[in-house]
Every structure is written in C-alpha cells, then in structure tokens.
Ligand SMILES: C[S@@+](CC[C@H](N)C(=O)[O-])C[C@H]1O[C@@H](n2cnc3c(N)ncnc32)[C@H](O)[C@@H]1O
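Single chain ahead, written as structure tokens, the form predicted on its own.
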C-alpha cells in the first residue's frame, strides 16, 4: 500500500509548518470503539480493552498515577533512561527519527529528544496514539525544542506502524515505554513484537521498557493506591462509554478490583458490579445485564523475568543490543534490533 493510498484512509490536519497529524476518518474510529466495547461486554467474561482508558480524562488520571509513591514504574524507568543518555548518544546518529508507540509522558519523551538534540540539527518525532491527547502533548513539546518537527498519527499501534513503514526510508528509533507490552496476553505480546519486527528496517532500533517480577506487596500497592487514583482511572472507562456511546453506567455501582496473580506473573484489574443491574447503551441500542459481583476485566499487566525476556526477544527475531536495570532490579529497558 502506498502513501497515496494512505491519504484516502487518513485525513491530514496541518497546525503549522512544525506540527501536523494524520487521523483515520472519524467513522472508522467511532465504529472501532463501539464495536469493540459492545463485543467485549457481550462476552460471558466481560472485558474492555485497556487501550480505551486513554481519553483526555483518562490520560490526566494516569499522569496522576505516575506521580504516586506506590507507583514505582514511571520514576524507575525515568531513572534508567537518565542513566543511559550518554550510551544512547553514542549509539544513535543524525539519521534517526523518533517514533513513539503511545504519546507518552513528557518527561520520558524529553529524555530521548534531548539525546537526539545533541546530534541532530532537525528532530523528527512521530507519536502514535489512539487518543487525541497526542495533539496537546505535541504542542507543549514544540515550545521546548526549536528544531522539532512533529507528525502525529491518531490510530492504533498497528495502524500507525503500517503508516510509518510506508512513509519513507528514514531510519527509525521506535520506543515503547511504560511496560505497556505487559498489557498484552502472552501470545498477543509475541504477535505484536513480531509485527513491530516485520515493519522495521535493518537499520531501525527498538527501545522497550519492561517491568520485572517482584514482591507481591509492592505490586498490589502499585495498582491499588491509597488515594484511590487508580480506582478513578479504572472507572473512567465507564464514563467514556457514557460520554461517547450514550451509556447510562452509574459509576457508584461499580468498584475497582486489582491484585497480583503470582502463578501467572501478572496484575489483574477489573471493575466489579456492586449489585444486579441493567445498563443501556443508546448509540448501539444495547442492554448489558450485570449480576452482583460480576467482573469486567479491564487490564492485565504482566511481569517478566530476565530469562523470559531474552527468550521472548529471540522468538520475535530481535537481537538484544543492550539491557539496562535500575538500582533495585525492579525494571529493565532494552535496546534491540532485527536479526
């Protein structure tokens, strides 16, 4: 598929000479959201994909989660990225464009942009995110870097990667931070990593952050904080269904439920119905029945051991160039390339 064909699938929005973004036709996004929500809520074991957490309100709540003392992941990953600035500066050169899966927190993105700023007179940044928060974060970044040019892609990761693959021949540094791969089931994670590998050129690099197996108490607190911010974040997906699809979810009739499953090495996060109830979603004319204590699965967050990570990367045809850890061995960041 050529870029010419891509133009029929995406609409280009030009803000100014330094910022533009591509977005699939609105009907495509709305159809995907409504279809996936109704499908997930129609299953025997109800579920909502975690990618739908990140509307504007959800993204704001996640930023608050990242600042919590219990939520070690963000500050630990930032620690690692700060420690490897010089190594990345030596590894990269002026030919790399930054491609980010998920528009990311400003702090993490800035660390990588600072590295590129040392070696490039012009920085190209292609954030891929399903949320339109991408446009806001991009405008903030432009205020800090006079030589930054941003092309955003408001789409799924898969759609955005296909767009990048067909865009041009420039080398890409693809980053996927926040241990977001942990949200995928094991088979899906392997499939997604293989997709990334297939879209990469030989010269491309892939930087990924992964959370490691650790004490259950640390993990439980990280996903069920004392201030209840994670609870608000989880419940907000129901508010998004209300706002976007005309649902009548009463958020007071659901509660946040999260725990670490040691056997399966993953956090499991749910919304639990407090009573028997019937919810109507008007835009799809759908009724969803809930029994008391029935669960909606909203997220898995898998944790990994180092041998598991090495096996997974090898299985997906990635060569590990570097692997870095924080001082507590809670987390790792990998730089990989195609075999």
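Positions refer to the first chain, counted from 1. The structure displayed is predicted, hence computed values, not measured ones.
The same protein also exists as the form predicted together with the named molecule; that form is not shown, yet it is the one meant from here on.
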* Asked: Of the listed stretches (32-40, 47-55, 268-276, 282-290), which one has a non-hydrogen atom within 4.5 Å of the named molecule in the predicted bound form?
  -> 47-55
* To do: Report whether the minimum heavy atom distance between residue 62 and the named molecule in the predicted bound form is within 4.5 Å.
  => yes
* **Contact flag, residue 180 vs the named molecule in the predicted bound form, heavy atom cut 4.5 Å** => yes
* To do: Using a 4.5 Å heavy atom cut-off, state whether residue 112 contacts the named molecule in the predicted bound form.
  => no
* **Residue contact check: residue 152 to the named molecule in the predicted bound form, 4.5 Å heavy atom** => no
* **Contacting member of 145, 167, 259, 157, with respect to the named molecule in the predicted bound form [4.5 Å, heavy atom]** => 157
* **the named molecule: the contacting residue among 230, 172, 103, 76 in the predicted bound form [heavy atom, 4.5 Å]** => 103
